[in-house]
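Okay, so here's just one chain, in structure tokens, the form predicted alone.
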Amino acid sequence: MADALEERPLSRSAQREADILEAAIHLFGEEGFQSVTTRKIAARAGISEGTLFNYFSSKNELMRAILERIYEELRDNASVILREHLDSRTRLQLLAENHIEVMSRDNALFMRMIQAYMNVDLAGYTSIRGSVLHKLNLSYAWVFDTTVQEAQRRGEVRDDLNLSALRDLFFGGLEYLSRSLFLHEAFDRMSERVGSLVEPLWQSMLPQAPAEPDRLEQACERIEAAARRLAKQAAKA
């Protein structure tokens, strides 16, 4: 009984923190990062502004916590995908779908997050290395790297791939695709559109087939062989 009573304050605290984050997520999505005050977030969460500051010191810290939660979900889902699927092409497809599903679950929030990226911790974007966003990206990029490197060990793709460039193409394409799906309200075609993005990337990674001899050369060889046969026949005659 004593142990249960000791756990209650921690549980209440964790729930309150979750309520604050949910309130911030919805308000940032509805009104934009700059327009929302900590007082409004506190009211939405049903607490005082002073209580909010016991958990988060500023809106910037709230935004960082939201980003960390998003990246945590991305990583957790990706770990399951890599554990349950061995086929590399399937992994890339599912990792791409997971990325768009998590980042675009609340479409309004997703668009506001793009805006917030340009306003939160601006100094971190002029010197991105070491920033919160940079660290989060690094903590998540391993899912793509692992997929490609395991495919290389199995001989499914080329050994000379530029992993950094491929990673940029993969995630950069997904960011653009997410915006396109949102603007055109086409999330019902998400899997199909993801496949259209992943397939050419995958094809570019496959080992090159030996080049076929030029057709003209083949034709010349056939003609020369025929000429030799005719010459032999003429000599016998």
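The first residue of the sequence shown is number 1, and the count goes up from there. In this text the structure is predicted, and so the values were computed from the model without any measurement.
The protein also exists as the form predicted in complex with the DNA; that form is not presented, and the subsequent description refers to it.
Novice: Name the residue from 50, 172, 200, 207 that puts a heavy atom within 4.5 Å of the DNA in the predicted bound form.
Specialist: None of the other options qualify; the answer is 50.
Novice: Pick from 37-45, 174-182, 64-72, 189-197: which stretch has a heavy atom within 4.5 Å of the DNA in the predicted bound form?
Specialist: Result of the contact check: 37-45.
Novice: For a quick test of understanding: in the predicted bound form, does each of 12, 16 and 54 have a heavy atom within 4.5 Å of the DNA?
Specialist: Yes, all three are in contact.
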